[in-house]
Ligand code: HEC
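Shown next as structure tokens: one chain only, the form predicted alone.
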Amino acid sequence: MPIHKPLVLIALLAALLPTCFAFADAASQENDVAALGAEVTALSGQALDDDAIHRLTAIDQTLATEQVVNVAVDQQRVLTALAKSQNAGALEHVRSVFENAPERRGSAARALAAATTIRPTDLQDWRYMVRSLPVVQGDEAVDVLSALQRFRTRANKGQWVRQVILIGLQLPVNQQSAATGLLRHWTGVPLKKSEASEWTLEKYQQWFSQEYPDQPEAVLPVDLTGRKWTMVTLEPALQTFRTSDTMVQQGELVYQKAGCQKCHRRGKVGEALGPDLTSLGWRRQRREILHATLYPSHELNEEYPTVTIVLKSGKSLTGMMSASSADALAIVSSTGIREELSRTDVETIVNQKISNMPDGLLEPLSEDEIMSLIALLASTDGVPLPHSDAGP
């Protein structure tokens, strides 16, 4: 049977048209973003009046919906220009980004850090920057650490001092002075400026373990030999992460498969033995969620301590302390089993610097399942914005 060439060409064109339109849409999108980038350059290079601030805010909201490579650079310039404007409405937008867009929290903190060259006395900016310490990396981190040294206010809680050490350990050697400088500013150690050069991050690590013996060591997590899933192996998938309703629905199944519901509640699913995960997506970035799941003992929750209870009978139990009656103690094992004990039977209670959350929780899962779980935990659809995390 002869083949009619016109019909073949029509079929071929029909197959290629969606691809052509996709390329056209992508090119159009990049052109639109480039035009906005040029507008950002023009606006950020001048003193901002109300109209310019309104326009930059609108551009930032538009760029937040785009998925183009250079968008992050333009967004940073927008936030920095708004933060440095000293306009109340502009500052409110930058701080709103910090609270409402966790994935942009580091960018917002960096913008506020740039503004400290103009107003190094705003304690609200100081609190935001301290809260950003768990998420800032690279140049963002250097800018925030340097900005915090401009304030007389100091964060003296062990968890924040530890976080500065951890940031410093991840910076190149030529940038680590930003961390050691802030550590000296906050701790007053060493007292003599002439001795400051001798205090390396390693020396601060030793000092920290003596000064805060109940805190986890100020060291970076080490992956166990043979471990399939680590930050290194999962980072590429996290960087190209695109959530969807399908992923979130799949994540609900993975939540059950991984056993998260045994100790954690999300919405109406799970037990309220450990921290509630319902609003986690508002409070933590996706990278933070993954890191905490891979290395549960790296950062401990003070409200849910892991302890070893030694009974007068000689028996000992290790697990997470749980709410109970005035005459009893309750402890939850790493498998989610809750046991109640009479206080009169308890000999001693010893705090442990480990998490009750099982290690290697993600090992049985596939990469797609892990990303679906992250999509669920990071989802904020239908979840009210919680009160902001406690500051230093």
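Rigid core (definition): largest C-alpha set, two forms, superposition within 1.5 Å. None of the values given here were measured: they were computed from a predicted structure. From 1 onward, residues are counted along the sequence shown.
Just so you know, the form predicted in complex with this ligand exists too; it's not on screen, but the next bit is about it.
- Contact with this ligand in the model of the complex, defined as any heavy atom within 4.5 Å, is confined among 297 to 305, 189 to 197, 135 to 143, 160 to 168 to 297 to 305.
- Screening R131, H264, H93, R184 for any heavy atom within 4.5 Å of this ligand in the model of the complex leaves a single hit, H264.
- Only one of R77, K84, R154, R284 comes within 4.5 Å of this ligand in the model of the complex through a heavy atom, and that residue is R284.
- Interface membership of T293, defined by any non-hydrogen atom within 4.5 Å of this ligand in the model of the complex, is confirmed.
- For the chain shown alone, L277 is a contact residue for this ligand in the model of the complex, at least one non-hydrogen atom being within 4.5 angstroms.
- Contact check for G259: a heavy atom falls within 4.5 Å of this ligand in the model of the complex.
- Residue contact with this ligand in the model of the complex: L48 places no heavy atom within 4.5 Å of it.
- Residues S355, N356, M357, P358, L361, L362, L373, L377 are the members of 351 to 382 with a non-hydrogen atom no more than 4.5 angstroms from this ligand in the model of the complex.
- Core-superposed comparison between this form and the one not shown: the C-alpha position of M321 differs by no less than 2 Å.
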